[in-house]
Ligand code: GUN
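Below sits a lone chain in structure tokens, taken as the form predicted on its own.
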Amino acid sequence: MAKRPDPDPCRPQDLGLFEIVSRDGAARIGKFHTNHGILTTPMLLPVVNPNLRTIEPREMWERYGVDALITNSYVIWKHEKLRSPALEKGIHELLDFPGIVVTDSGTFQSYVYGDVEVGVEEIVSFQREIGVDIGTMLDVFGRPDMGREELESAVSETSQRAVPSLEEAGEQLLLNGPIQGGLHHDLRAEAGGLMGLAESEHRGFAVHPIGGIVPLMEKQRYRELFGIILASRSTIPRNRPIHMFGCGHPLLFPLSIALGVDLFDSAAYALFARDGRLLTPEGTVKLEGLREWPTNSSALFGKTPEQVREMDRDERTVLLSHHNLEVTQAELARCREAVRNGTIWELAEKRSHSSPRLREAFLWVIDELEELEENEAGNALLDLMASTNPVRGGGEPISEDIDSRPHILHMMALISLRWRLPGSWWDGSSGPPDRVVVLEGKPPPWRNTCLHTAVEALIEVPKSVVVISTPVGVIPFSFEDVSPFCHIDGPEAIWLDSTDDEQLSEDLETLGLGGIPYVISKPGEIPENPLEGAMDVRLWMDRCSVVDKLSVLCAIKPSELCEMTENMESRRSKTDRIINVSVGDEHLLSPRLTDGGISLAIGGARKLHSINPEPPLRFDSSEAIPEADHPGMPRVLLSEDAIPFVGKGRNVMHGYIEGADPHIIPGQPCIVVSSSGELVAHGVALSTALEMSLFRKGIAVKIRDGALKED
């Protein structure tokens, strides 16, 4: 095996910065910059006991690709045989680990033993002196069984220690700012706000661990655990990683990551091994009684459970520790890949069936996600849903929880909020609709299985609203090629079942179609010859599709879009799908064949910009933003320094944004403007407006085309 090279330090100006490189709602793959390399998240920090190393740190680096580990600075400080060499040679040489070293401060020891002997500033100073990359302040542990007053005191005392700890950390030591508060969501949110605002001369906290949760995990109180994550996340600054202190079981990774957790740490890989237990993505298995391995690893390959049981205890512990660490790393890799391809929620959904307690917690999160009440958990979940790209390619596996996936909830919410009835009908008439035609009984692609029936219905009664019944609800026909609706993957029976009358009425009411007579139509055979007027109907439907998608995804008033597309022309693919939309000789946009979304061209960006040519409010503005269903094309206000580069097609980087519309959706189109309102470029947002106001590194908008290019 080739030796892994030592990491390079980050640039001095990047120290402590966090950037997002990929995301799926609140879940994110990030890069955290330190003096001993880049920490890629989500990641586990294996706990290394400096007195008892089951797996050597150097082997973690070389064999398992572990970029960072965590050890206890209080244990090193307390034992002279560790303290002296740590001060003399540094923590990295003491552990023989070239990567990122994170340290705890003794807070957990105070929970276990009742007190610690070190002072608040003394332990931070010690971590700085031994060359720790990310240290931890000495916070006050908040047990779940503590009374309200005790927990309030813990939050308050931790907050009072924050600034002195940051000042003691100096310029090079990055510091963890733990979030306490027990089971009280309001205290967790208060702690997140207080710790998020704390700053010294050099910086604020770099990472925010959620503390006081080990007792909950020990008793599998997962519903309370995830409630704490949500409450804490509601106020923690978005540009800082969130760390679950003491959590290291693979079973909890997917849902935690889906809710916004970036880092984990645990000694479970070694502790469970010592107890003769194996970690798996679905739970924990005892070695005793096993005849075959329920999950495999390179550590166990070629060995039987019986052979492992016959080993000396120390040898067996080391072997099982290797297995547990390998399984843990593999599950995190699986989670990161799920974030990249937009399936982290599906993975969390699958894992929820592995444990009754986890399933209870997952269903609680779903209930909270659907209700979105105005509380700490509801605020965090609203942010999660709003930051989720509602349009995505690939298959959408059917399950009992499919209609509660955040991207589907987001898309349905946007349609119910922004979709409107046509301003006029294909035959030139106007007025309210005469009926609703519900198409059911056919699977997608509906342009092949149902289009003829939709056209026939409109020819028969021009003032008809055609909708499609899907397993996740009723959608207007305009969205027939939009994923996830058109890519739901399941047995044929899901399309054959008749629509439930009560649910259908509720769905139509949500779309603003309540009280309008409706008929259910089951498409039959495609006629050999098109009906008279079919082409006029098709052209009208094409225009409705463009208007409806821009209205729903880009928040533009349908009346303004109708005016913009009045003389639109389209170019179609060999499969009879629109691929380009133009007005005159100007290319405006292209409906994407992969997911049904919209890709703007520079001509379309100019026309949409002309509807609302003013710049958005600056981040520091106190002016209130009026509420509106269609606030207009999302805009990003670029700083003057970046205009020459972005105007020629370069991406918009964090740190060069002075304002942004709050309804920006990651993954959807936006336009970039100057302070005078001039169009600079257009592209796809990769961040929310709140994130644009906080992040200082990474790409904020992926530019499709600059508006200031020289001809």
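Just count from 1 along the sequence shown to find any residue number. Since we're looking at a predicted model, the values are computed, not measured.
The form predicted together with the ligand exists for this protein as well; it is not shown, and the discussion that follows is about that form.
Contact with the ligand in the model of the complex, defined as a heavy atom within 4.5 Å, holds for exactly one of Phe245, Tyr222, Tyr269, Phe97, namely Phe245. The single contact residue among Ser545, Thr107, Ser321, Thr470, judged by any heavy atom lying within 4.5 Å of the ligand in the model of the complex, is Thr107. The closest heavy atom approach of Gly211 to the ligand in the model of the complex falls within 4.5 Å. At a distance threshold of 4.5 angstroms between non-hydrogen atoms, Phe141 is in contact with the ligand in the model of the complex.
Among residues of the shown chain, Gln180 is one whose heavy atoms approach the ligand to within 4.5 Å in the model of the complex. At the 4.5 Å threshold, heavy atoms of Ser73 stay clear of the ligand in the model of the complex, well away from it. Residues placing heavy atoms within 4.5 Å of the ligand in the model of the complex fall in a single listed stretch, namely 98-106, out of 393-401, 98-106, 269-277, 549-557.
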